[in-house]
Structures are given as C-alpha cells and as structure tokens.
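Next up: just one chain, as structure tokens, the form predicted on its own.
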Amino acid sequence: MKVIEINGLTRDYGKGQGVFELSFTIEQGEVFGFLGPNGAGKTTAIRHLMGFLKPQIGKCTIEGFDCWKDSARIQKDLGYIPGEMAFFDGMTGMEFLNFTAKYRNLKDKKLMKDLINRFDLNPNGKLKKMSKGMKQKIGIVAAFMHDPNVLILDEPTSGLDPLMQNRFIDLINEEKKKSKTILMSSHMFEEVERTCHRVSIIKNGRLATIDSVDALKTAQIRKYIITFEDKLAAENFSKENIDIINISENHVTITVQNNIKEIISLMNKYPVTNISAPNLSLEEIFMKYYGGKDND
C-alpha cells in the first residue's frame, strides 16, 4: 500500500532553485532514503509533505490525505524531525517534551522515558543553553515518543556523535521491523546503507535516480583496484580515458559504469597482475551523480 505519494511536485523559486516535476511513492513498511547536497531540493519537498508549503503544481499525500488541505490531520499523528530545530527557548527540554505529549494527548510516557534513556539525554536544562547535539536528541524523542506509523526525518542525526548515530540507526531498524513507513533525508551514507530499502538521489531539484541500495551499488557503478607489475605501467594506464579514484604505487583504483568491455580491452595493453572489486559505498555512488564542474 502506498503511504507517501508525491506526484509531479513543482515549486520554482527561480534561478534553478526549487523542485521540478518530482514524483515518487513510499510503500507501507518502507524506509526510504532521500539524498542530495544542500540546495538540491530535499527540504523543499519535505516542507510540502508537512503541509508548510502549497504546491504550485502537483500534489502530495500521506495515507490518502492531501498534505496541504489535510495538514492538521496528518501532523496530528506524524513523527517529524525538521532540518533546523526550533524550540521555545524559555522552556527546559522536559517542559517541551511534556508540552508535546499534551498536544498529542499522550497519556503513557513510557516510550518517551525509554528514548530519553537510550540517547543519554538530560532534558532538564534550558533549551537555549543546549548544544546542537542535545537539541537533536530532544527532537528525536519528540518525533518517536508517540509511536507514529509514519515518520519524516530531515537530517535526523545532525550534530550527534558516532555513538548516538549508531543508537539512532538501531532505533530505525527496530521501527523497520514494526513496518513503520519512514522517509529519511540524510548526508550520513552509512546511516542510509544500514537502514533504507530504497534510495533516491535528487539533483538540482529533479530526481536523478531511485532504486534499492543494493541495486545502486551493483548495477549503477562498480569500483575496481587494478595491480600492475610496476609503477610505470600504473602511471601509463592512468593516462587512459578512464575514471580514476586513486593511484598508489602500482595500484590504480577506478570506477566503471556500463563500459566494462572497454576497460578489459585497455587492461590487455598493460602488465596486469591482479584485479579486485571492493564494495562501493553509497557515498561514492552519490558523488558519481554530483561529480564534475557543473555540480561544484
């Protein structure tokens, strides 16, 4: 069942900024990665899903409800972490969480307390004096404490240290087993690789690709480490028309996309002693879509 749908979404801010003809769906129980650099259009799309912006063209729905017309109904149950945390600075963290619980008519606060403990959070200090990491933890607790079926998370681990990032990944994988539907915008590639069923990459406001993590890593692009008899052969090979990641002594690391026969033909011209194919990270795939002068 489709839970989140974006159909032909367009918001043009001018000068190539915004989102353009954006369309994708997220199924029930799916964790969906939404990737792109700052300014690519991720937050703009998310703000439409939250009902903060009205589409110029197109439509967004969550569980069949129109994200603009039915925003109050959607936000009542949704779990949301914004890209930029905004709090009532006069409150303590605990006061804010209790305020949020009251807004959601949350009677049982056991899950809230469990999340506070999981993330080693002391919520009693004033929000205005908290570090970015502490505020992020408050945001995580607020988003998850009412056990929502749908979550929209915009850079959810921003400001967290590696230990807390791992705890967050564990939390997402637990929610995944409960068939929660999650859209997660992230720059943390390990986070996406370890949690998401599918990944989309947005480029200049348009969808560049969408596929499963495994499919992106195996079908879109591959990495090879080629070992030559000597350093000179490696240097000469590196002058060929190929995509080089790294050259180290007699080892050359390259990426290959739909031209494996050409690479094999080139290698036949040189004294190759070994070839290995390490796993390609999602970050390397991402950079393939954004590499080049046009995207600097």
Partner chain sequence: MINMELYKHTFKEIWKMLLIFATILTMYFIIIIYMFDPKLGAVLDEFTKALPEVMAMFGMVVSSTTLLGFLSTYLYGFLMLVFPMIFTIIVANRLIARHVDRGSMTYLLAAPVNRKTVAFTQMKVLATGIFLLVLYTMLIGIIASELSFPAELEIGKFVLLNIGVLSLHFFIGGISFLSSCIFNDTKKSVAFGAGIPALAYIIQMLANAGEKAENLKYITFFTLFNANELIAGKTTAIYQIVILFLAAIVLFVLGIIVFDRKDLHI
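Owing to the predicted nature of the structure, the values given are computational and were not obtained by experimental measurement. Positions refer to the first chain, counted from 1.
Below: the form predicted in complex with its partner chain, not depicted.
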Its partner chain in the predicted complex: contacted by all of 150, 186 and 189, heavy atom 4.5 Å: no
Partner contact for residue 41 in the predicted complex: its partner chain, 4.5 angstroms, heavy atom: no
Heavy atom of residue 121 within 4.5 Å of its partner chain in the predicted complex: no
4.5 angstroms heavy atom contact with its partner chain in the predicted complex for residue 51: yes
Residue contact check: residue 82 to its partner chain in the predicted complex, 4.5 Å heavy atom: yes
Stretch in contact, per heavy atom within 4.5 angstroms of its partner chain in the predicted complex, of 200-208, 67-75, 110-118, 162-170: 67-75
One residue of 104, 176, 222, 126 in contact with its partner chain, assessed in the predicted complex (non-hydrogen atom, 4.5 angstroms): 104
Listed residue that, although its partner chain is not shown, lies within 4.5 Å of it in the predicted complex (heavy atoms), from 196, 142, 216, 134: 142
Any residue of 225-253 that, in the predicted complex, places a heavy atom within 4.5 Å of its partner chain: none
